[in-house]
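The same protein chain appears twice below, in two forms, each given on its own as structure tokens and labelled structure 1 and structure 2.
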Structure 1
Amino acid sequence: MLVSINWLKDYVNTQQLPPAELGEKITRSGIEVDAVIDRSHGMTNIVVGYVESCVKHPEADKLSICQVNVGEETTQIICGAPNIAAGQKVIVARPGAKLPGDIKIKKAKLRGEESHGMICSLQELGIEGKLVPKAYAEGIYVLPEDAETGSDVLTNFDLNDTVLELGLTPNRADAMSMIGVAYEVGAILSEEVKLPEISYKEASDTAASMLTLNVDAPEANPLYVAKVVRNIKVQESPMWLQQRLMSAGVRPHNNVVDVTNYILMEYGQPLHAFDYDLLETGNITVRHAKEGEMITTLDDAERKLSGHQLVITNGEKPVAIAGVMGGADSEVSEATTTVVIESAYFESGSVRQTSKDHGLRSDASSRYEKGVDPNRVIPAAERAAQLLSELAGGEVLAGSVVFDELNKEEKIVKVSPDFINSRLGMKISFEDMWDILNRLKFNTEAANGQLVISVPTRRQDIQIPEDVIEEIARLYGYDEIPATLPEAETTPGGLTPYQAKRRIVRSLLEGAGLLQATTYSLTSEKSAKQFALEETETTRLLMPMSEERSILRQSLLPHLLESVTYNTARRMDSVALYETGSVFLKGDDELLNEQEHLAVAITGLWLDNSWQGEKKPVDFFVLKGIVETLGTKLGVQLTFERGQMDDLHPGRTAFIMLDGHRIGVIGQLHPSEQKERDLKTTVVMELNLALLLNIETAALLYTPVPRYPSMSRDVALVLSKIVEAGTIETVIRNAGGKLLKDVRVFDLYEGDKMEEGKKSVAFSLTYFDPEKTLTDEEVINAHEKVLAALTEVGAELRS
């Protein structure tokens, strides 16, 4: 909502506060002021000029030489506007003038002719092109004939103004009008609100003698008011009205349309003007559309109507879509002499659905959707009639044609001062509460220790006691609410064990060089189950924004790989990303189970010490080492089991196991999947983080630095190629007893000196006793048990 300070002053005394200070007060009271816009843009020396003569430039077809009277003198100005002509009043920037964008006007020569200034368009005065009247969109702006030659344009035409841009929340529909903002400012500054005085002379004929009204859908349209104004002259609106509309972000059209838009901005009540003669029947009937019925709207689009959509008809065919847009067949034009002014209350849900169906959203529909004030419908129509009488020379027929079944009673809310203070944690006095409610123009009575509040219909957001509490708090001052601690038995704040472990996971991964990513929870049908550790029925949104974001994901990896592809396509050859986030699985009871997972995707070089000539590309074992370290850090023993999964390399994929249960998968992308995603060798991992972090582990115990030396033994084993080194490592650890502290693979050989189907794997075993120095005999005894166990599982010692 754009609020002109000069316009606002018509309704409330702003106490001559500087605009920035007024904006600060409004923000502190609960409505955020997003911007304070100076409409003058620091312009100087801009005056009204009269074009006494205008001839074509002898050396340029598109330039004109104008003799312009600027009050003090007549000066020559070269102008390139196509609509410049003698006899016009125009906007002139004199030499030395300053225009928006820090443009300074100087004397100049154009094709050999002197030019002492510039004749300006509205765009050159800082007004957006979309707000300039269409007649002047491609040229200079022509001022009214009564504009005083030589007078200051900024002062005379209301450009010495400041506009506040309000960022309204959906509940504050009352502030979508100048009068609504005036009530807000009046409450903040303790000032009275002055409403427009409505008076005009009525004709002897009545509106009912020319127009009949039928409302066949009273549930969607409980109040409809129509006024008839005849003998009008459609023409440009006066400058003050055009400027006010432009300050509110509305483009002027003609005096009839401008009056309806002016009332929309002033009262917040949408109006529509019909050409009475084009209605043809002298009848207005409000009904639901017939299925498949057609209408051509003001934007010249032909639209097909549905049975639930409310339309205004002439008794035979639709002439407007109620609350959304008028029809082209009854549009006001320069030939119009009689208009019907519509002011109505349309049910918000009906307008919202129709607006959505047709993809049409306007200033009018947005106000109907949020709810208009039922007690402003009739005054808005009367105000429009007054302005049409004044600005279009119209003759207002007596009375109105009205259908009224609308409940306009005010909402009663009861709340006690003690309840208010207990909720706010404050001690606001009864007198202060009473004063705030009076400033808000809420009629209030005190009865049985309670405030009985009659809420004006303009404030439809006030429904329950908590709404009243919010009003009192914001006008008393949020910064007046004291900072207090709860008075009760409390426990010290801190992270839960789950949260603490999650931080350990993130810290470890980032310490390893990975970057955290956050991707969408919504995905496509194709990607929903890809790489899923557990597949269930997918969950589809009822109204997705697009098919690419229509289903809740069951794996983090598809979107994480999209991020890797995005980065590599931008010459980031080495990418290492991780994400902790939720996947969504349906249980047997059809309820949605949100489960936190961890995923990793790495491609490119893992190690790149170019100055040493040392490079190590990413492979399966790099990521496996990170996962093993993660398990160690969390105090759990993770193991790996050969596995297969679609879109992962069949020979370089393993399942991550915990206590015999599968909790994740690790592997290299399948070559075809890498090609499809335009990636080089890429390794990925995903595991059930929630399961991992919820495991109770023993407290971390620290041991002193060893005082005694350890002893190591190496053993090379000949194994079948299908036997996993991890299986042999488990056998060694189980047989080694308490003296065996570490087992590591340090060599793998599968050359031509090995039998077909065999491989040689060498392990290094470390023995250690923290309390004494081991003897050779003790190590030999422990090592013999290991060798015996290896023989039992078919491993052969390599000679």
Structure 2
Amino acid sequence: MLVSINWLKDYVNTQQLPPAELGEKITRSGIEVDAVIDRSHGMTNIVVGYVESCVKHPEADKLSICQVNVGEETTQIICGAPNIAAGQKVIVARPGAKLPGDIKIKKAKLRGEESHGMICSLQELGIEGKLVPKAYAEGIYVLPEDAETGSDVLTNFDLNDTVLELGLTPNRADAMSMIGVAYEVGAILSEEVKLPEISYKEASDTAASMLTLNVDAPEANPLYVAKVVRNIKVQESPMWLQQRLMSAGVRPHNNVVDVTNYILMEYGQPLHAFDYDLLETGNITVRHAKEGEMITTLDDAERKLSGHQLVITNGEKPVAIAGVMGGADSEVSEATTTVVIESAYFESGSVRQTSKDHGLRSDASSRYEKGVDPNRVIPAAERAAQLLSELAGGEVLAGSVVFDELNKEEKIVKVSPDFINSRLGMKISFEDMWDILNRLKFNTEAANGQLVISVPTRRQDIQIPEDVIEEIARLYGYDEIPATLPEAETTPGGLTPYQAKRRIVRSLLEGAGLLQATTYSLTSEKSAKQFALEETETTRLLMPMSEERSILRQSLLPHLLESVTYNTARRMDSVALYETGSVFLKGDDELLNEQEHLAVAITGLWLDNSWQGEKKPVDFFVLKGIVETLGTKLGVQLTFERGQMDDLHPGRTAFIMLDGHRIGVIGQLHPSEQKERDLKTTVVMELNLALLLNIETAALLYTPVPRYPSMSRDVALVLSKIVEAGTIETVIRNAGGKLLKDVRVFDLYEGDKMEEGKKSVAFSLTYFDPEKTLTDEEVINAHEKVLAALTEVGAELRS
């Protein structure tokens, strides 16, 4: 909402406050002032000029040489506007003038002809192009004939003004009008509000003699008022009216349309003007549309209507979509002589739905949606009649055509001063509360220790005692509220075990050298299921903003890999990222099965200590080590099982297992996937973190530090290449008995010294007895069993 302070002064005394100060007061008491706009833009030296003569420039087709009377003198100005003509009153920026955008006007020569200033368009005065009346949009603005030559344009045009741009929250529909803002300012400054005085002469014929009205949908349209004004002359509005509309961000059209828009801005009540003759039937019928009925609206769009949408008809066909937009067929034009002015109360939900259906939001619909003041519908119609008789020479027919079933009573809210103070934690006196309610123009009585408040219908946001508390607090001043802390019992607070473990996982991964990334949850059809751990249907948004962000992800890796590529493409060759976040699977009920996952992607060098000659590229085992440590840290036994997954290297992929269930996957990207993503060797992992974190781990009990020495034996085995170390390790563990405490691979050899198809794997076995020192014999016995078992599975001892 744009509020011209000069206009506002019609209704309330602003106490000569500087605009910024007024804005600050408004902001601090409840309505945020987003901007304070000086409409003069620091302009100077701009006067009304009279074009005495205007001839074509001999050297330039598009230029005219004008002799312009600027009051003190007649001076020559070259003008390039197509609509310049002798006899016009125009806006002249004299030499030395300043215009918006730091433009200074100087004497100049244009194609050999002197020019003493510039004839201006409205845009050059800092008015947005879309607000300039269409007739002047492509050229200079022509002032009315009675503009005084030589007089100051800023004064004439009321540009020595400041506009406050209000950022209105949806509850403050009351401030979507100048009068509403006047009430607010009046409450802040303790000033009275002065409403427009409405008086006009009525014709002897009645409106009812020309127009009949039927309202067939009283729930959606409980109040409809129509006035008929005849013998009007449709023309340009006077300057003050055009100027005020432009200050409010509305483009002037003609006096009839401008009057309806002016009252919309003044009262917050949308009006519509129909050309009476084009209505054809002398009837207005408000009803729900017939399914599939068509209307062409003022914006020249043909629109198909549905049964729940409310329309204004002439008894036969729709002539307007109620509260949203008028129809082109009955539009007021220069040929119009009689108009019907509609002022109505349309139910907010109905307008909201219809406006949404058609994707049409207008100044009218945005006010209806939030609820207009029931008690301003009739005054607004009267105000329109007055202005049309004053500005369009119209003859107002007596009375109105009215349908009225609207409840216009004020809401009563009762609240006690003690309640107000106890909720605020303050001690505001009864007198202060009384004063604030008076300033708000809320009729208040005191009865049985309660404030009984009649809330004016303009303030539909005040419904319950808490709303009154806010009114009192905001006008008393939020700065006056003391700072206390809740007096309730103290509570321990803290993280749940799940949340605490998530932090442990993060710090482990970060300690291992991974950076935490965050990517988007919405993805494309193509990426949604890549690397997904479970097969489920994907979930699509009803109205995505783009295909790229249309589906809920089922895995974190695709976006994480995009981030890796983003970095490698910028020459950061070594990247190690992790992310924790939700994936979204189809669930049993209507909500999705959201699972928190953990994903890691690493590429490039894992270790880079180049001057000491240590460089280690990432590989499967780097990441496997991290996963193993994660298991240790969380107290769960994670195992790995060879597996396959699309887009992962078939020989370098494993599933991460917990108690026999697959909870994740780890592997190197398939070479073709690496190529697709423009990556070098990249190793990835994704697991269901929620499963992992939800496991309750047993209490930690210490195992006594060994008091007796352990003994170790190494075995080097020659194995077929296809035999996995893990299989052999299991054989050893099973055969080793209870004395075998640990088995570890310490060497792997696959070089040329080995027979084709063979490899050598060396294990270190640790034997230990917690009760006593082991004897050689015991170790030999146990180790013999291991060796026998190994021979049985075909492992040769390497000599």
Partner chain sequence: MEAQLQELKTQALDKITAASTVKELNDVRVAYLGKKGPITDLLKGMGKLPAEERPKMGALVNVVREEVTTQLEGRMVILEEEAINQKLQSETIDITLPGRPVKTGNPHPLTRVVEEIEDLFISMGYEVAEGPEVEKDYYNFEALNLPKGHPARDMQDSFYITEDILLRTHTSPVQARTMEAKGGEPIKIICPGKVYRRDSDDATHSHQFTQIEGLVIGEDIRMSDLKGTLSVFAKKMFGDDREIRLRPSFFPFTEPSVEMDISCFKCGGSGCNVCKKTGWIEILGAGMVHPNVLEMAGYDSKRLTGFAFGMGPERIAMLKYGVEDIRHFYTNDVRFLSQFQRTEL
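No experiment lies behind these values; they were computed from the predicted model shown. Rigid core (definition): largest C-alpha set, two forms, superposition within 1.5 Å. Quick note, the numbers are simply positions in structure 1, starting from 1.
The second of the two standalone chains is derived from the form predicted together with the partner chain. The two forms, fitted on the rigid core, differ between structure 1 and structure 2 by 2 Å or more at the CA of Q595.
The two forms, fitted on the rigid core, differ between structure 1 and structure 2 by 2 Å or more at the CA of V636.
Comparing the forms between structure 1 and structure 2, the C-alpha position of G96 differs by less than 2 angstroms, with the core used for superposition. Taking the core as reference, the C-alpha deviation of L508 between structure 1 and structure 2 is 5.8 Å.
On a core-based overlay, E729 has a Cα shift of 8.8 Å between structure 1 and structure 2.
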